[in-house]
Structures are given as structure tokens and as C-alpha cells.
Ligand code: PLP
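Take a look at this single chain, the form predicted on its own, given in C-alpha cells.
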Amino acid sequence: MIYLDNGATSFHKPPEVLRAVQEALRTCANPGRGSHRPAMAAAERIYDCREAASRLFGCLPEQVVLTTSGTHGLNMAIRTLVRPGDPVVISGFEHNAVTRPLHALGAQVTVAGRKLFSPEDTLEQMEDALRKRPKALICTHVSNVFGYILPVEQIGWLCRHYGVPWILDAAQSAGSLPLAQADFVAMPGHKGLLGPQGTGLLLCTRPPEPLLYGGTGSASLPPTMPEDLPDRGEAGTLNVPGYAGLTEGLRYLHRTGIHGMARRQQQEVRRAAAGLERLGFTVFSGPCQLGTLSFLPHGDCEEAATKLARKGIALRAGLHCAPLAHESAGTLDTGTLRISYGHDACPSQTQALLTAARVLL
């Protein structure tokens, strides 16, 4: 099987990730809930994860709040900055993990920047919206549908200039691109960070408002959640085996370097785009693109994905949990076929895709 669905989850994990999960299941108890050896081993695994994240992302270990997913982190960050009815700015390429929490809050949402692969339009529209001093700006770093890399460094500068706090959704960029500094940066552990599902990170410059309330293994007497990071965002028992695996994914990225990762993904996206265009498909590609590419077959996307799966090509069809992005690009009625490369991106994957794609002609 040629796996090209890393935008959904990385599938071929480094072997050390798998070993760390198994070891934690054998040796670890509940972190912060005892001074015996299994509890202390669990606490060490949790701190190892914070430390590995702090090295990769350039923050303090205590600024790393462990979550169950990128969606969990985004919800926590949004609930911290946004109150019901608040004005909020988002990009035209957001995932439902951003739009649905805002809808639930009844936020007044301004969508700024809807031209695909146009950083100039994104910045111009966002600056116009920021002049009105919204309560927050929330944007993805990389579109999960089209791979468009938004100009987040400049967006961060604009937010600081206008005094507007912001949240960065790094679901498709963490592990491949350097991250901009935001008030909150949310990411899953199971995609570009190569960890297990059920893990995530929220990088915080301030204590978040909790989504869950309960035991933290510290400060048990007060009826309120602790005020300090990271405990304030971590009620309940943490997924120790999952975070042990994520630690090894983070260490793998630190050893191998993320710049080479991004370069290989971009090379294969350009190669795939050129090949698919030669076959006559409509392809969405541009200069500001990471490892994700969408294209349109000559028929139904779901049927096309099924045909490719029979040829051993794993990709995704549909709206990809991001209808706003499809609305921006004009593909809301059809959806797209999406290929998304991972840490193992290589020419043989692209060649296999192009050979199999002939079944769609």
C-alpha cells in the first residue's frame, strides 16, 4: 500500500514510537498519584514529553499542556479568549475544529483572506479586520485541504501591532515547518509529530481556561483547578503510553530535522501536481504549498478514491472536515481528492500514484 493520507494521521510511525508505547504499558502507573516506582516512572515519561516538545518548539516545558488532540487544544484556547457573541477573525481555510467551537459560542465571525495561495490577499484582508480590534484571531498555519501555507509570521506581527491575541492551528505544520509564536498553538500528536492517536499539545503563553475539571495530582485541597501551567489544563489521568510514544516522535524529528522533511514533501507535491495535470486532472497547486495536494477526478470523488484504493493508493476524498476551505476554493459541491505526504515522502510514492491514477481516465 502507498499511504498518502498523512493529513488525517501519520501511519508509518518510527519503530521507537511503538517500542515506547509498549514499554510504558509494562512499567508505568498514574503520574503524580504516588511516590512508588511505577508512578514515578509515569511522571518521568510525562516530563520527558514536555521537555522534548520544548526543545523542538523553543518554549519552556511548563508551557506545554498535554491534550487528547489538536481539537481539544483548540477548544481550550478558544474558550480562553472568546466569550459568547465576541467578534473574532478567522482565515478562509479553517477546519471544523475552529469553526464549530466558534459557532457554539455564537461568536461574530469575520472571514478574512479567501484567495487560495495568495499571502497578499490573506494579509490585506486580515489587517482590515484587525483594525476593528476583534477579541481574537484564529488561523490555520497550513490548509488541511490544499496545503496552502499561510503567512503566519506576518499575521503574528499584525496581531501584536493591533493588540489582538491569536491562536495558531498547527495541525498540518507541526513537525514540518517552524511555528510562529502565538498566544496559543494547538497541534495533534498523531500527524506530523509521529505519535499515537489520542495525544496532542497546546503551547501556552498564559494559563488556559479549563475544559475539564478534576484531579491533577497536585493541589488537591482547593475546590478550583490550579492556576499554574500546565496543571490548569490537565484534569484527569494522562495518556502515559501515548505520550511516551509522542516523546519518541518528537525526538525523531529533533534528530532528523524538520527542514529536510518539508523540502521532500514539497518536491513530491510539485512532482505529483505536474503529473496529474499532464493526465488532464484539475489540480490545486501554488507557490506557498507544503505536503498536501488536492485534485478533481472526472467524476465522483468518493468513487475515484475507492478505485485508487483497489490499486493500493490510500488517500482521502470529500470535504475533509473543512467546508469553509472548499467554499473559498469553489469546490464545496464536489469536494476533492486529497493526497498528503508524510515524513517518508519519496519519488516512488508519487510514481505509484500517477500510474494508478490512469484508472480514473
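For every residue, the number given is its place in the sequence shown, counted from 1. If you're wondering where the values come from, they're calculated on a predicted model, not measured in any experiment.
This next part talks about the form predicted in complex with the named molecule, which is not shown.
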Please tell me whether the candidate spot formed by 175, 177 and 253 is one where all three residues come within 4.5 Å of the named molecule in the model of the complex (heavy atoms).
no
Of 203, 137, 244, 74, the only residue with a heavy atom within 4.5 Å of the named molecule in the model of the complex is 74
Looking at 31, 335, 297, 70, which is the one with a non-hydrogen atom within 4.5 Å of the named molecule in the model of the complex?
70
Only one of 167 to 175, 220 to 228, 280 to 288, 77 to 85 has heavy atoms within 4.5 Å of the named molecule in the model of the complex; I'd like to know which.
167 to 175
Check whether residue 129 has any heavy atom within 4.5 Å of a heavy atom of the named molecule in the model of the complex, and answer yes or no.
no
According to a 4.5 angstroms non-hydrogen atom cut-off, is residue 97 in contact with the named molecule in the model of the complex?
yes
How about residue 190: is it within 4.5 Å of the named molecule in the model of the complex, going by heavy atoms?
yes
How about residue 144 - does it come within 4.5 Å of the named molecule in the model of the complex, if we only consider non-hydrogen atoms?
yes
In sequence order, the residues of 1 to 40 that place a heavy atom within 4.5 Å of the named molecule in the model of the complex are 7
